[in-house]
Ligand SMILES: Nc1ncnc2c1ncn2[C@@H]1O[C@H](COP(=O)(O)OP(=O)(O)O)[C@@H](O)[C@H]1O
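Just the one chain here, laid out as structure tokens, in the form predicted on its own.
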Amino acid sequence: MVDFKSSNMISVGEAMVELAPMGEGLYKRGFAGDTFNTAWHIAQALHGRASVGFATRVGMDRISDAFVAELADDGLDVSVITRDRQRTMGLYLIELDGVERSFHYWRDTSAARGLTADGGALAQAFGGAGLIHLSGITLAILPPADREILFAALAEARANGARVSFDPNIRPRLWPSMDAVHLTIPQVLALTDIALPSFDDEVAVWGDTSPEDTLARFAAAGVAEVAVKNGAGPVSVLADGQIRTLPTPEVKGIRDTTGAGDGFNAGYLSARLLGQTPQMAVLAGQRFSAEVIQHLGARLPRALIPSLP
């Protein structure tokens, strides 16, 4: 079973300004992003039992200031956030169709695309982490040369005892081509200890015909622990060389499916950082995900964060 040198965690990626519909042309400003959503939930779940940081790059403007201040107020380590004098945060607007959402993005000049601009700062941020979490979106927003800087920092951190978790979270429109996806994902899997893929992505990108295919492919890449999310279907887990399948409880009252996978990741990784088994971590991930999809938005109200022993 994958263990950790400490419970301290760093999540790496992009947070964006979110404009969420409130009705009749009115929108509420918030902040969201896949690895940010996961880090934020973990920080609330661990509630001071470990340090949780979000490594990103934002601007020098008031919106960026508000984002950093919100993170600090919510208990995250903001010392791993760097600033860009030329760029600011990306933005997206949400359209709702029942419980499903569609998104309109303005992110091409996002400051987070330069998050490896100071490779030394990134390596330093990783230094005390027991776990470093990233996603396919983290990779997709970076130019190829900057990905190499990130990979070098991850390799150094792993050599010093850190573990790496990775959610492939493939968004094809963020990548220049599927060839780039096929080239890059194996590179990061070689640096990954815990993988949290979604089966529908793996079918679309790699042609997997079953979650067992996904487990086998990740294991062949050297990943020790894999939990395959499959919507309302069972979660398939590989740990200690054993495969287990755990049913996903039915969820009623679904209001918004945004952030379901990020919520699962948060519950799973929180439980693992607290020393729980992968099977127990799946249950925690399912509880988080179920709560998220019963509420609007990708992040839960603090009072509804599932408790962890």
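None of the values given here were measured: they were computed from a predicted structure. Residues carry their position along the shown sequence, with the first being 1.
Beyond the structure shown, there is the form predicted in complex with this ligand, which is absent from this document and is the topic of what follows.
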From the list 82, 198, 184, 88, which entry has a heavy atom within 4.5 Å of this ligand in the predicted bound form? 198
Among 169, 138, 214, 116, which has any heavy atom within 4.5 Å of this ligand in the predicted bound form? 169
Just checking whether residue 261 would be counted as a contact of this ligand in the predicted bound form - the rule being heavy atoms within 4.5 angstroms. yes
In the predicted bound form, residue 157 touching this ligand (heavy atom, 4.5 Å): no
With heavy atoms only and a cut-off of 4.5 Å, decide whether residue 293 touches this ligand in the predicted bound form. yes
Residue 220 versus this ligand, in the predicted bound form: is there a non-hydrogen atom within 4.5 Å? no
Only one of 144-152, 185-193, 230-238, 117-125 has heavy atoms within 4.5 Å of this ligand in the predicted bound form; I'd like to know which. 230-238
Could you run down 283-302 and flag each residue that has a heavy atom within 4.5 Å of this ligand in the predicted bound form? 286, 289, 293
